[in-house]
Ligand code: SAH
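Single chain ahead, by itself, as C-alpha coordinates, in the form predicted on its own.
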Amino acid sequence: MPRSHSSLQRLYVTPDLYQGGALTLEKDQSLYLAAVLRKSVGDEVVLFNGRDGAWLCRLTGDSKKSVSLEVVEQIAPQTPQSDLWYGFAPLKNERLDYVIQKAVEMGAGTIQPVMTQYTQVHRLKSERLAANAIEAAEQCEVLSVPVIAPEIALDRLLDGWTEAHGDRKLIFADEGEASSSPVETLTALRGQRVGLLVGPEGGFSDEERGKLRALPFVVPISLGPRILRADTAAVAALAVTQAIIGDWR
(Lines give C-alpha, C1' and ligand atoms only; values in the text may rest on other atoms or scores of the structure.)
Protein backbone atom coordinates (compact mmCIF):
# COMPACT_ATOMS: atom_id res chain seq x y z
CA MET A 1 0.00 0.00 0.00
CA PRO A 2 1.50 3.41 -0.99
CA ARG A 3 2.71 5.50 1.90
CA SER A 4 0.68 8.65 2.64
CA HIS A 5 2.53 11.94 2.96
CA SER A 6 -0.52 14.09 3.65
CA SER A 7 0.36 14.58 7.31
CA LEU A 8 3.86 15.92 6.62
CA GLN A 9 4.66 19.63 6.81
CA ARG A 10 4.80 21.23 3.35
CA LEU A 11 7.07 24.15 2.53
CA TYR A 12 7.60 26.25 -0.58
CA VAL A 13 11.25 26.82 -1.50
CA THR A 14 13.03 28.46 -4.42
CA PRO A 15 16.02 26.12 -5.16
CA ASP A 16 15.77 23.32 -7.73
CA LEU A 17 14.60 19.97 -6.35
CA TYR A 18 15.99 16.67 -7.62
CA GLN A 19 16.75 13.24 -6.21
CA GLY A 20 19.93 13.23 -4.15
CA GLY A 21 20.04 17.00 -3.90
CA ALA A 22 20.73 18.95 -0.73
CA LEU A 23 19.63 22.39 0.41
CA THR A 24 19.57 24.70 3.39
CA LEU A 25 16.44 26.57 4.35
CA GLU A 26 16.33 30.31 4.92
CA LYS A 27 16.34 31.59 8.49
CA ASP A 28 12.57 32.02 8.98
CA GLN A 29 11.75 28.55 7.64
CA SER A 30 14.58 27.00 9.66
CA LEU A 31 13.29 28.62 12.83
CA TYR A 32 9.77 27.46 12.06
CA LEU A 33 10.79 23.83 11.57
CA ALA A 34 13.36 23.55 14.35
CA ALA A 35 11.89 25.77 17.06
CA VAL A 36 8.14 25.90 16.41
CA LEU A 37 7.51 22.41 15.02
CA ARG A 38 10.52 20.91 16.85
CA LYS A 39 11.71 18.94 13.84
CA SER A 40 15.07 17.23 14.24
CA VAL A 41 17.55 15.20 12.20
CA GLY A 42 15.81 12.29 10.49
CA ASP A 43 12.37 13.91 10.40
CA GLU A 44 10.69 14.30 7.02
CA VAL A 45 8.94 17.20 5.29
CA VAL A 46 7.59 17.85 1.79
CA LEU A 47 9.12 20.63 -0.32
CA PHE A 48 7.93 22.14 -3.61
CA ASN A 49 9.05 25.07 -5.75
CA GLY A 50 6.35 25.42 -8.39
CA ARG A 51 8.58 23.80 -11.05
CA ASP A 52 9.74 20.35 -10.00
CA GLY A 53 6.73 18.75 -8.29
CA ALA A 54 6.56 17.72 -4.62
CA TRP A 55 9.54 16.03 -2.97
CA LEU A 56 9.98 14.08 0.23
CA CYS A 57 12.96 15.53 2.09
CA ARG A 58 14.74 14.48 5.28
CA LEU A 59 16.45 16.75 7.79
CA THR A 60 20.20 16.31 7.99
CA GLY A 61 20.77 19.30 10.26
CA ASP A 62 18.40 20.98 12.71
CA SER A 63 20.04 24.30 13.56
CA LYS A 64 17.41 26.92 14.28
CA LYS A 65 19.28 29.29 11.97
CA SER A 66 19.84 26.93 9.03
CA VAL A 67 18.02 23.63 8.73
CA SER A 68 19.63 21.40 6.10
CA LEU A 69 17.84 18.65 4.18
CA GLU A 70 18.47 15.90 1.68
CA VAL A 71 16.04 15.42 -1.21
CA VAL A 72 14.87 11.81 -1.04
CA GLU A 73 12.22 11.19 -3.72
CA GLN A 74 9.53 12.84 -5.77
CA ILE A 75 6.05 12.09 -4.42
CA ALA A 76 3.98 14.10 -6.92
CA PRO A 77 4.72 15.39 -10.43
CA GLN A 78 4.50 19.07 -11.21
CA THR A 79 1.04 20.26 -12.22
CA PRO A 80 0.76 22.76 -15.10
CA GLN A 81 0.14 26.40 -14.30
CA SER A 82 -3.54 27.32 -14.35
CA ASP A 83 -4.62 29.65 -17.16
CA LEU A 84 -7.32 31.41 -15.12
CA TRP A 85 -6.81 35.15 -14.61
CA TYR A 86 -8.56 36.43 -11.48
CA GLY A 87 -9.01 40.15 -10.81
CA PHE A 88 -10.47 41.61 -7.65
CA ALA A 89 -10.89 44.96 -5.94
CA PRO A 90 -8.71 44.90 -2.80
CA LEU A 91 -10.41 44.66 0.59
CA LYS A 92 -9.21 45.47 4.07
CA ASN A 93 -6.78 43.41 6.16
CA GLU A 94 -7.93 39.86 6.93
CA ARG A 95 -10.57 39.88 4.19
CA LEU A 96 -7.88 40.65 1.64
CA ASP A 97 -5.84 37.71 2.93
CA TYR A 98 -8.93 35.52 2.71
CA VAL A 99 -9.61 36.42 -0.92
CA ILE A 100 -6.03 35.62 -1.94
CA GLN A 101 -6.08 32.29 -0.10
CA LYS A 102 -9.38 31.22 -1.64
CA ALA A 103 -8.27 32.20 -5.14
CA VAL A 104 -5.25 29.91 -4.72
CA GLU A 105 -7.42 27.06 -3.44
CA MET A 106 -9.84 27.52 -6.37
CA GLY A 107 -7.09 27.27 -8.96
CA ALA A 108 -6.32 30.81 -10.12
CA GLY A 109 -3.12 31.04 -12.17
CA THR A 110 -2.73 34.82 -12.08
CA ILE A 111 -4.14 37.04 -9.34
CA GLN A 112 -4.31 40.79 -9.98
CA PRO A 113 -5.65 43.59 -7.75
CA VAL A 114 -7.90 45.92 -9.76
CA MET A 115 -8.53 49.47 -8.55
CA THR A 116 -12.11 50.66 -9.03
CA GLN A 117 -13.98 53.80 -8.00
CA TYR A 118 -15.23 52.17 -4.79
CA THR A 119 -12.09 50.23 -3.90
CA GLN A 120 -11.45 50.47 -0.16
CA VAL A 121 -7.69 49.89 -0.11
CA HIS A 122 -5.21 51.79 -2.28
CA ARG A 123 -1.88 50.82 -0.78
CA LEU A 124 -0.95 47.18 -1.14
CA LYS A 125 2.10 45.26 -0.01
CA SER A 126 2.96 42.84 -2.80
CA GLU A 127 5.12 40.82 -0.40
CA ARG A 128 2.10 40.16 1.83
CA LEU A 129 -0.03 39.07 -1.13
CA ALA A 130 2.69 36.69 -2.31
CA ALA A 131 3.19 35.31 1.21
CA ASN A 132 -0.54 34.58 1.53
CA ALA A 133 -0.55 32.81 -1.83
CA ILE A 134 2.41 30.64 -0.80
CA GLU A 135 0.85 29.83 2.58
CA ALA A 136 -2.39 28.76 0.90
CA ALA A 137 -0.46 26.60 -1.58
CA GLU A 138 1.41 24.93 1.29
CA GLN A 139 -1.78 24.18 3.20
CA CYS A 140 -3.85 22.95 0.24
CA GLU A 141 -1.23 20.88 -1.60
CA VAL A 142 -1.23 23.25 -4.57
CA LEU A 143 2.02 22.81 -6.52
CA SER A 144 1.72 25.78 -8.90
CA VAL A 145 1.76 29.03 -6.91
CA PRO A 146 -0.19 31.74 -8.76
CA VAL A 147 1.52 34.80 -10.17
CA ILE A 148 0.65 37.96 -8.22
CA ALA A 149 0.40 40.62 -10.93
CA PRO A 150 0.87 44.33 -10.11
CA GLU A 151 -2.22 46.31 -9.20
CA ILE A 152 -3.94 48.04 -12.13
CA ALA A 153 -6.70 50.60 -12.58
CA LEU A 154 -9.92 49.18 -14.05
CA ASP A 155 -9.91 51.57 -17.03
CA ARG A 156 -6.33 50.67 -17.90
CA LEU A 157 -7.10 46.95 -17.54
CA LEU A 158 -10.07 47.13 -19.88
CA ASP A 159 -8.41 49.42 -22.43
CA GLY A 160 -5.45 47.03 -22.72
CA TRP A 161 -7.32 43.74 -22.28
CA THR A 162 -7.17 42.46 -25.86
CA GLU A 163 -3.52 43.40 -26.28
CA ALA A 164 -2.56 41.70 -23.01
CA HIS A 165 -4.97 38.74 -23.06
CA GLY A 166 -5.82 38.08 -26.69
CA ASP A 167 -9.16 36.29 -27.12
CA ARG A 168 -9.65 35.62 -23.40
CA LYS A 169 -13.19 36.33 -22.22
CA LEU A 170 -13.71 38.35 -19.04
CA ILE A 171 -16.45 37.00 -16.79
CA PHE A 172 -17.87 39.91 -14.83
CA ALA A 173 -19.76 39.27 -11.60
CA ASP A 174 -22.39 41.98 -12.07
CA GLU A 175 -24.39 42.80 -8.97
CA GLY A 176 -26.78 44.76 -11.17
CA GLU A 177 -27.55 41.81 -13.45
CA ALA A 178 -31.09 40.45 -13.15
CA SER A 179 -31.06 37.47 -10.80
CA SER A 180 -30.59 34.30 -12.81
CA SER A 181 -28.57 31.13 -12.99
CA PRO A 182 -25.11 31.58 -14.57
CA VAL A 183 -25.01 27.96 -15.73
CA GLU A 184 -26.09 28.51 -19.35
CA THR A 185 -23.80 31.52 -19.81
CA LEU A 186 -20.75 29.79 -18.34
CA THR A 187 -21.43 26.51 -20.15
CA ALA A 188 -21.11 28.41 -23.44
CA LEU A 189 -17.57 29.40 -22.44
CA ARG A 190 -16.26 25.86 -22.00
CA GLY A 191 -13.04 25.35 -23.92
CA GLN A 192 -12.25 29.08 -24.01
CA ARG A 193 -9.68 31.07 -22.06
CA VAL A 194 -11.38 33.08 -19.34
CA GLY A 195 -10.75 35.68 -16.69
CA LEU A 196 -12.95 36.50 -13.71
CA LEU A 197 -13.51 39.98 -12.28
CA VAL A 198 -15.13 40.65 -8.89
CA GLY A 199 -15.73 44.16 -7.61
CA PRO A 200 -15.43 45.88 -4.22
CA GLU A 201 -17.86 46.43 -1.37
CA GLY A 202 -20.51 48.69 -2.84
CA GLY A 203 -20.01 47.13 -6.24
CA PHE A 204 -18.96 48.80 -9.46
CA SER A 205 -20.12 52.34 -10.21
CA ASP A 206 -22.78 52.89 -12.88
CA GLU A 207 -20.07 54.30 -15.15
CA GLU A 208 -17.87 51.23 -14.66
CA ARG A 209 -20.76 48.83 -15.21
CA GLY A 210 -21.70 50.65 -18.38
CA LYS A 211 -18.18 50.41 -19.76
CA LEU A 212 -17.86 46.75 -18.84
CA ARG A 213 -21.16 45.76 -20.40
CA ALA A 214 -20.35 47.60 -23.63
CA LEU A 215 -17.17 45.62 -24.30
CA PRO A 216 -17.42 42.59 -26.61
CA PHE A 217 -15.08 40.39 -24.57
CA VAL A 218 -16.97 40.93 -21.28
CA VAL A 219 -19.50 38.31 -20.15
CA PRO A 220 -21.71 39.48 -17.24
CA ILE A 221 -23.16 36.91 -14.87
CA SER A 222 -25.49 37.00 -11.87
CA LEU A 223 -24.53 35.30 -8.61
CA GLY A 224 -28.14 34.95 -7.51
CA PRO A 225 -30.77 37.02 -5.70
CA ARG A 226 -28.85 37.75 -2.50
CA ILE A 227 -26.57 40.67 -1.74
CA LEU A 228 -23.13 39.19 -1.08
CA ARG A 229 -20.11 40.65 0.64
CA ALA A 230 -17.22 41.11 -1.76
CA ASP A 231 -15.20 38.24 -0.28
CA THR A 232 -18.22 35.93 -0.38
CA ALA A 233 -18.91 36.94 -3.98
CA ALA A 234 -15.30 36.11 -4.87
CA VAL A 235 -15.59 32.56 -3.53
CA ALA A 236 -19.03 32.05 -5.11
CA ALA A 237 -17.86 33.29 -8.51
CA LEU A 238 -14.71 31.18 -8.47
CA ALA A 239 -16.59 28.08 -7.35
CA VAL A 240 -19.37 28.28 -9.90
CA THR A 241 -16.95 29.10 -12.73
CA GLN A 242 -14.69 26.18 -11.87
CA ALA A 243 -17.63 23.80 -11.44
CA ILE A 244 -19.07 24.63 -14.86
CA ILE A 245 -16.05 25.44 -17.03
CA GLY A 246 -13.69 23.02 -15.30
CA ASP A 247 -10.01 23.17 -14.37
CA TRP A 248 -8.02 25.77 -16.25
CA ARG A 249 -4.98 24.05 -17.79
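Throughout, we count residues from 1 along the sequence that is shown. From a predicted model like this one, the values you see are computed outputs, not experimental measurements.
This next part talks about the form predicted in complex with S-adenosyl-L-homocysteine, which is not shown.
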Q. Okay, which stretch from 195 to 203, 43 to 51, 65 to 73, 24 to 32 lines S-adenosyl-L-homocysteine in the model of the complex, with non-hydrogen atoms inside 4.5 Å?
A. 195 to 203
Q: Identify, from the list 17, 11, 233, 240, the residue with a heavy atom within 4.5 Å of S-adenosyl-L-homocysteine in the model of the complex.
A: 233
Q) Since exactly one of 175, 97, 159, 83 fits, which has a heavy atom within 4.5 Å of S-adenosyl-L-homocysteine in the model of the complex? A) 175
Q) So in the model of the complex, does any heavy atom of residue 222 sit within 4.5 Å of S-adenosyl-L-homocysteine? A) yes
